[in-house]
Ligand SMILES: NC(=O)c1ccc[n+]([C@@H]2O[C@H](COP(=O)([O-])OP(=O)(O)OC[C@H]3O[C@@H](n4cnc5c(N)ncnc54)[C@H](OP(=O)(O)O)[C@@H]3O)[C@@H](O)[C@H]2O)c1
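Take a look at this single chain in structure tokens; it is the form predicted alone.
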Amino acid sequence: MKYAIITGASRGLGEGIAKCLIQEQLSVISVSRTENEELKKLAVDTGTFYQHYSCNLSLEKEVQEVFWEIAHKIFKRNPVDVYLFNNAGVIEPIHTVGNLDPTPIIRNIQVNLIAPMIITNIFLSKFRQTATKVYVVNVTSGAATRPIEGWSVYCSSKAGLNMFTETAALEQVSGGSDHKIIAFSPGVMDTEMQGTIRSSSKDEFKDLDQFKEYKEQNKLLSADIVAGALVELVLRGNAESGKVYHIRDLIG
């Protein structure tokens, strides 16, 4: 049996990934603060295993408890493959350094970087020296590789996620493991995160007008299209461990 665990599966890219994998007949475990009822219905209609876990990814203790439980339950079923999609992310705080509130800084780093590190560590530890192959996909951003005014925290957390991905992949190769870890940059999608960006001010985010134009000129990618390209890469594309993939490389 093959399992997929998706954080942030209640909406956006996470929802799209979950839909694709349910249709592929993989057993899907969604993790988010709220459950997406459409995913549950799709799983029933297709006769696919589906389970939801509620988790606040900004709380370290809760992340550890929930994901150790998930890993243990899957481990007992001796799966062939486990696909872990660290998809959940937050853009806030959007503001220039010197005007930032410490609380959203901490939440951003917890959700975007610390949670994926903890979750990946749990699964690689649990499935060490087993026949199960673990595939980790860390959803990153183009902001990881260039500075964007107003996004210092987001840029930093995603840059850290890229380096974690590359380093963890290198360690798996050195240790003779078959587990794969990649990062995926989905581009500019039509999601609630984009709505959050557009609701900021020019004082907080210098490039605000450009992101409003993306919406007005219909330049935002569909989350379902991006999810389909990612799932195709992961399931059938022979992805190279340690590589950061970009949506433009997959759909042109």
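Residue positions are given as counts along the sequence shown, with the first one as 1. Since the model is a prediction, treat every value here as computed from it, not as a measurement.
The following text describes the form predicted together with the named molecule, which does not appear among the structures shown.
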Practice task
Give a yes or no for Ala183: in the model of the complex, does one of its heavy atoms lie within 4.5 Å of a heavy atom belonging to the named molecule?
Solution key: no
Exercise for the section: Mark Leu26 yes when one of its heavy atoms lies within 4.5 Å of a heavy atom of the named molecule in the model of the complex, and no otherwise. Expected result: no
Exercise for the section: Consider Ile122 of the chain shown here, and say whether it contacts the named molecule in the model of the complex, taking contact as heavy atoms within 4.5 Å. Expected result: no
Practice task
Look up in the model of the complex whether Tyr135 has a non-hydrogen atom within 4.5 angstroms of the named molecule, and give yes or no.
Solution key: no
Fill in the blank from the handout: TL;DR on 123-131, 89-97, 165-173, 74-82: the one with heavy atoms within 4.5 Å of the named molecule in the model of the complex is 89-97
Handout entry: 4.5 Å heavy atom contact with the named molecule in the model of the complex for all of Arg11, Arg33 and Val188
Key = yes
Exercise for the section: Within 4.5 Å of the named molecule in the model of the complex, which residues of 124-149 have a heavy atom? Give them in sequence order, or say none. Expected result: Val139, Thr140, Ser141
